[in-house]
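Read the single chain below, which is given as structure tokens and is the form predicted on its own.
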């Protein structure tokens, strides 16, 4: 959480593709919730920044330096989806923003809204937050195509020095995971759990195979818990051996699960998990898989946060869906819910709760965008903007 004045300036980035549809709607919903909660005492002054395709068109740079500097200046920002190219072209703007600002936590809460279609019998049992490491792992961007001279040198070095033979047509990527990066992730997850009364933190890793990267991630967080949180955090072993399986008041349980088993666990025993902390690639997978259980990425908020500097960029978690751009049909809930998380982050929780309730009432009356309407019997399909207006109507009626 960070404290801002009652009339802060908060930058926003429209985003690519459907960003032009969902972002304006999302900003209107956020403004309506603030007005209702505080009666004019608080208000956000929105400041538009450029990134992605719009930035290329206007200034010839996919991520202008001014955009980064303004986010640093104002601390908190929100953005629509930005296109991530596959294969050639520029690297992901999303990843660049995270790395330049050292937004080491990808914060992905997943919860169920009654009435949303789900493949699960009891999707309401899933109520978790994924803390995904954002700056290391294979997302560090240290890689070369198989024809590159650098890849050739690395293959030759490995064969010459360690007798490790790699096929000549192999691209090369490097997966760095540090003790420093792992411990600060563990600290962020544990601190959040303690502040918000959560029950447990689960380390998701593939340390049984990648012992010196993902295994390091696991071991570093256990070490951190022992060094800094010994009076507040207990392990599963402690829980069974010393407390008879019952968690003492004021303590949280730290546990770990192998990544592939974790996917099974969130399907079969979702209520046993609370906060999941994970390296970058695993976090990408598990956060999307969890979102699929509660309606898909259209219902999933997200943020990229540095809990030490306080800088945070909240974002719609789905892609830019260019084929739907400008058609006013996309689901704006991911952006709106990310805005709700942003409000809690700056201490405006009353406004967040209004947004949550406004969305819940709108979905329960079956007024939804096309992605949900096609799955809900008797639903009324509405546009992006009409959905937002209906949420606003509910907020104002509370």
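Positions refer to the first chain, counted from 1. Keep in mind that this is a model prediction, so the values were computed, not measured.
There is another form of this protein, the form predicted in complex with a small molecule, and it is not shown here; the text below is about that form.
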{"property": "Non-hydrogen atom contact residue 205 with the small molecule in the model of the complex at 4.5 angstroms", "result": "no"}
{"property": "Distance check, residue 277 to the small molecule in the model of the complex, heavy atom within 4.5 Å", "result": "no"}
{"property": "Contact of residue 54 with the small molecule in the model of the complex (heavy atom, 4.5 Å)", "result": "no"}
{"property": "Residue contact check: residue 370 to the small molecule in the model of the complex, 4.5 Å heavy atom", "result": "yes"}
{"property": "Residue among 315, 136, 284, 256 with a heavy atom within 4.5 Å of the small molecule in the model of the complex", "result": "315"}
{"property": "Contact assignment for the small molecule in the model of the complex, among 115, 310, 322, 215, heavy atom within 4.5 Å", "result": "322"}
{"property": "Output flag, 79, 83 and 330 jointly within 4.5 Å of the small molecule in the model of the complex, heavy atom basis", "result": "yes"}
{"property": "Proximity to the small molecule in the model of the complex (heavy atom, within 4.5 Å), stretch among 330-338, 353-361, 55-63, 33-41", "result": "330-338"}
